[in-house]
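First, one chain by itself in structure tokens, the form predicted alone.
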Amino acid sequence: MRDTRLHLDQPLEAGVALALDAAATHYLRAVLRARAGHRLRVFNARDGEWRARLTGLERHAGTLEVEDRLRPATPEPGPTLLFAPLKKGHLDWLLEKATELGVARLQPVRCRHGVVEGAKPERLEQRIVEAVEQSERLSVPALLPEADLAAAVEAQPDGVVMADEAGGAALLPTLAAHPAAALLVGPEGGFSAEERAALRRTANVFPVSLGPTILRAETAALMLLACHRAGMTETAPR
């Protein structure tokens, strides 16, 4: 059986016995076919990652014992991504890949051309946790409540790098000049003329071009995140 990672938002320390919630119990029992005695890794951003052993796994309840720490908690800084909600399949893919690329905060924003169908935050948060478990991260990106576009932009203390299909400055130099800025992509139908004009009038918004082709919203978001991550990797101390 493959090595299993499980995010637990409970205090982790050697010798502690923990009860598993229904979702974790179902995953281990029904999906992984685990049994009592199975060893796995448990983690959170506060306590780091630990080896643990299942001590019981019934139909609706499970328990485990934390054994020894594998790695301590370490900072995992990342950008804020402002994005217009997408249809279910595209949104799930965006959240998964953004998590893998190190996003720290996910801020849905209301745009005129955005998708209006609501997605349950609990389902989206579970998707994010699954991506964290798969990608070896310790921290779970924060999924913030949906906000008005203008209000969300105004709330960013270090400005916003805006992907604009109408064109803008070169991407890489702009990210290098504003490494702490949030990243913004519009909805599938693009920003409305009024939204674009308002954003471009805002002093702390830095429009950038993503090239000559029109990208899907989720592709544009991942391009921003990948370029941001590459820039941070190059400047990180060795």
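A quick note: this is a predicted structure, and the numbers were derived from the prediction, not measured. The numbering used is simple: start at 1 and walk along the sequence shown.
Keep in mind that the form predicted together with S-adenosyl-L-homocysteine is not shown, yet the notes after this line are about it.
For this session: Can you work out whether S-adenosyl-L-homocysteine is within 4.5 angstroms of a heavy atom in all three of 12, 52 and 56 in the predicted bound form?
Result: Checked in the predicted bound form: no contact with S-adenosyl-L-homocysteine for any of the three.
Problem set entry | is_contact(residue 163, S-adenosyl-L-homocysteine) in the predicted bound form, heavy atom dist at most 4.5 Å | It does: once S-adenosyl-L-homocysteine is placed as it appears in the predicted bound form, residue 163 has a heavy atom within 4.5 Å of it.
Exercise. Would residue 187 count as touching S-adenosyl-L-homocysteine in the predicted bound form under a 4.5 Å heavy atom rule?
Worked result: Taking the distances in the predicted bound form, the answer for residue 187 is yes, it comes within 4.5 Å of S-adenosyl-L-homocysteine.
For this session: Answer with yes or no whether residue 209 is in contact with S-adenosyl-L-homocysteine in the predicted bound form, where contact means some heavy atom within 4.5 Å.
Result: Contact with S-adenosyl-L-homocysteine, yes.
Exercise. Hey, in the predicted bound form, does residue 227 get a heavy atom within 4.5 angstroms of S-adenosyl-L-homocysteine?
Worked result: Looking in the predicted bound form, residue contacts with S-adenosyl-L-homocysteine do not include residue 227, since no heavy atom lies within 4.5 Å.
For this session: Just one of 42-50, 190-198, 173-181, 28-36 has residues with a heavy atom within 4.5 Å of S-adenosyl-L-homocysteine in the predicted bound form, so point it out.
Result: Contact-bearing stretch, as computed: 190-198.
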